[in-house]
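We begin with a single chain expressed as structure tokens, specifically the form predicted alone.
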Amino acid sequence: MPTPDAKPDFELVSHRLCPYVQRAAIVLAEKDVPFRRTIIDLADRPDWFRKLSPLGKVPLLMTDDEVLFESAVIAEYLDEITPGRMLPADPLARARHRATVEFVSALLSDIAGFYSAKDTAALEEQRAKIRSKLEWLEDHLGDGPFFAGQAFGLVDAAMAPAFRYFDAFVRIA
């Protein structure tokens, strides 16, 4: 972990449309952390990227001599090393928020399935999954305007990329 007076040099390796990259970028922006963005073509991954990414996915957060992967891990790391917290202090509430971030990851997977549905039946199956997850989220929201009330948190950063799909849902489904 960097010392309080040392500022790490962050590079976010990304793809233009990846919602998981967007999560990391949202946390970086929310925490006012300067960073550089390197965009790669996932259809033609560079050799240097394959060596750094054990899962072959974006985002990667490179800092000093370290590389972090997985958007939830990157978001929590950024939260821990910067002022202000985006996760609750209470251990049980923090665990519920982490679980909800994972739940939102499943929602994003369902959204990808919606866009790649091969036929009407598959489209309807994905639509039902998405609707079910959105209903669950609605039932578990706090008093707003954010997931847990007045403060923007990691759940909100995880969920925000899903909002860009809502107009398409109305048109397609």
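Don't overthink the numbering: it's just position in the shown sequence, from 1. Treat the numbers as computed from the prediction; the structure is a model and nothing was measured.
Although not depicted, the form predicted together with a small molecule is the subject of the following passage.
The partner is not drawn, yet in the predicted bound form one stretch among 54-62, 116-124, 131-139, 29-37 has residues with heavy atoms inside 4.5 Å of the small molecule: 54-62. Residues L42, R45 and E70 are all found to lie within 4.5 Å of the small molecule in the predicted bound form, as judged by heavy atom distances. For C18, a non-hydrogen atom is located within 4.5 Å of the small molecule in the predicted bound form, even though that partner is not displayed.
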